[in-house]
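Form predicted on its own, single chain, as structure tokens, below.
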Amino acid sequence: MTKLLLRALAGETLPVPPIWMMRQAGRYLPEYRATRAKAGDFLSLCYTPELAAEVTLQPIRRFGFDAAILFADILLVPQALGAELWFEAGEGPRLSTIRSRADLEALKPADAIHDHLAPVYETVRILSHELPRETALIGFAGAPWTVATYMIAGRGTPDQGPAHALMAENRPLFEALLDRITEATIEYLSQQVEAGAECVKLFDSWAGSLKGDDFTRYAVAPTKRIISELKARHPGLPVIAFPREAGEAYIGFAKATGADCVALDNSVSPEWAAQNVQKDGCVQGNLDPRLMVTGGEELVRETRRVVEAFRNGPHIFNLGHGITPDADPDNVQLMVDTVRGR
């Protein structure tokens, strides 16, 4: 029998939507924290296939989600291109910056990333053999704009200001960087599929800071290019796109990019999205991640609301963004039980 997630991505309306969660392998789980301690640091966890596979499998064992998503990080691609990457304790990732043509030219070509990323592909191969037969395997990458914001600023920023500044000051350099990231992302995702990923997701976490023509040029166009090339190489490959906080620009995003499913953040209501976005195909989302912390009757009520809003079309149940480290695993179980009508 075809896996539930793949059926939804193919446009089928199911009586119970398939479920998974963004960041479902993570710090809210004690077993993840134990494996992370064994790895020593975050990057070692990403690059040790047996441990990366283990943390990917943990939420599947605990909650029986309908999909597992590869455990990795969107900043592995910049590192594979030659950027320095490290993590500051309590502050998050840091990168060497791309601010000049010389910085860009020091990066590797897009097709030279595979040796560095070989452990990630091995993690996918392990998972393709170890996941339950009914569980789909999702590969992923950061979308070019979002990855570029980190490569330009050297870190996450509240408003992606450095990337917007480079775009304004030196658009040819900005676009050349975006092209390099786009090409590398195609290569990276294609290799994940070769290794066993059954669908892939593009995370454009900072898409919402792009407006008007910039959204079309730097969120829509690179996503379209990636999806088109992946589908040419891997006919029938389903792709989920997540232009977070796109707002009204969610409308028509699937048609404009070729995505099989549009993931939705929780700044839009499920009722609005059902009317305006789901009419073009599968949607994913969009329960408020805060409810994984607070739980209770509000969690049950809002979970049912999301399911009800999207019940007349293809839907994958998920959060509107990643689960946070302070979430309670018991609340995740309550959400799963509510979706499945237990």
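Every value quoted in this text rests on a predicted model; they were computed, and no experiment measured them. Sequential numbering from 1, following the sequence displayed.
Not on display, but discussed next: the form predicted together with a small molecule.
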State yes only if every one of W86, Y121 and Y188 has a non-hydrogen atom within 4.5 Å of the small molecule in the predicted bound form; otherwise state no.
no
My question is simply whether R36 lines the interface with the small molecule in the predicted bound form - judged by any non-hydrogen atom within 4.5 Å.
yes
A195: heavy atom within 4.5 Å of the small molecule in the predicted bound form?
no
Does F63 reach the small molecule in the predicted bound form if we count a contact as any heavy atom within 4.5 Å?
no
Contact test in the predicted bound form: R27 vs the small molecule, heavy atoms, 4.5 Å
yes
For the interface check, one of 298-306, 63-71, 311-319, 281-289 should have non-hydrogen atoms within 4.5 Å of the small molecule in the predicted bound form; which one?
63-71
Can you work out which of M167, L107, V220, L75 has a heavy atom no more than 4.5 Å from the small molecule in the predicted bound form?
L75
